[in-house]
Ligand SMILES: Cc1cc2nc3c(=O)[nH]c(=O)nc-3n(C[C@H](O)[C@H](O)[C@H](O)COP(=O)(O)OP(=O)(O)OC[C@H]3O[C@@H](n4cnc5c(N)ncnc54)[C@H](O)[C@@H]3O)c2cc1C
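Listed next as structure tokens is one chain, alone, in the form predicted alone.
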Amino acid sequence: MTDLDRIDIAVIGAGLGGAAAAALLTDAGFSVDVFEQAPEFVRLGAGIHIGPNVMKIFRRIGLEDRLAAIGSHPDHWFSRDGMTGEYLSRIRLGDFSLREYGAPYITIHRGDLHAEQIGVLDKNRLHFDHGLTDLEERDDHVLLTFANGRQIAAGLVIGADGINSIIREKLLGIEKPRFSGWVGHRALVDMDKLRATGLDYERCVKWWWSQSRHIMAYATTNDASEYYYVTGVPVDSWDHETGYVDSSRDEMAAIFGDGAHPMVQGLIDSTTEVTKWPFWNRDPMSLWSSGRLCLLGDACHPMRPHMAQGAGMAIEDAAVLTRALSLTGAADYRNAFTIYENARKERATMVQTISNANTWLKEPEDPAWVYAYDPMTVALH
């Protein structure tokens, strides 16, 4: 095996959490390679929220100003009754976020965010078309085997490979994620039709119909030229083999139309293409690492998106894991992984629980415990 490629740290998955881990670890002086199963980067997804807790991490990577220039800056998170339009809560963001939480709150297209993250990585250490198929932990390395036939010997392996993580399976055995009983409809709306309604669409609004369903709408660009919505709708089952299926304006009208507030109806009428996605769950995990293997993000604590913090928790994980490894050194990885889990488990589990309950900011509450959190300075022990 003299021809086996050897590397120090392998990050499996170049999504938002994996890309953040690679950038942060590289910035901290570690030698990192990233392996992504997709053949290339494409502008996937739609809208995403980036709270001040996460923007503080992007400040360290050097992306805060760029993302702030691209994204939309909502002044509030509004929760409203979906029929009457009554405001249920008004959570201040905008300048208040800068002053009280230490960084801006933005909404942005996920693909635009991901492009900026990919852009700061060393292209020679970013390996597309590398789907992990197997791994074997040995005395001084982990042998990684990829679908393209390549094998790599890695000193440490960080699993940022999502809810269906191969690394999670190696740690805890094969177990399919559980359908949560919820789906989300995602759509970028026709801006000309939206403007033609004559209604004033706030940049960040979460409308509530009842405890059982909602629709969230917000701008994804700084000039508000792109507007997006996502729903949370309970259903009995998900009977499709694919990761998502096409939906329609008619389906949106059937779910939300009767008696809906005019602004809700305007969103539905402005829908062109809409897709429907299942939300999957896992219970909080008892094991985040073993030997030279460590998990972060959805590989470790997947959650429904109702709190808009799923990607944020993955990126926070990446920041704290980097700090832990910097504190102990890569050679003392077992201690680093313990420090990382001790610092992250309670917070990630709390966010996971509240996200799944779908109660976040529906009524007036102080979100400082989420937004004022600073992963770059939180105590490690």
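Note that this is a predicted model, so its numbers are computed, not measured. Throughout, we count residues from 1 along the sequence that is shown.
The next section is about a form of this same protein that is not shown, the form predicted in complex with the ligand.
Residue 37 is the only one of 356, 37, 342, 326 with a heavy atom lying within 4.5 Å of the ligand in the predicted bound form. Note on the partner interface in the predicted bound form: the residue among 204, 260, 132, 91 having a heavy atom within 4.5 angstroms of the ligand is 132. Only one segment in the set 290 to 298, 92 to 100, 196 to 204, 136 to 144 has residues whose heavy atoms sit within 4.5 Å of the ligand in the predicted bound form; it is 290 to 298. The closest non-hydrogen atom of residue 12 lies within 4.5 Å of the ligand in the predicted bound form.
The ligand in the predicted bound form comes within 4.5 Å of no heavy atom belonging to residue 61. Of the heavy atoms in residue 72, none are within 4.5 Å of the ligand in the predicted bound form. At the 4.5 Å threshold, heavy atoms of residue 111 stay clear of the ligand in the predicted bound form, well away from it.
In the predicted bound form, the residues of 146 to 164 lying within 4.5 Å of the ligand by at least one heavy atom are, in order, 160, 161, 162.
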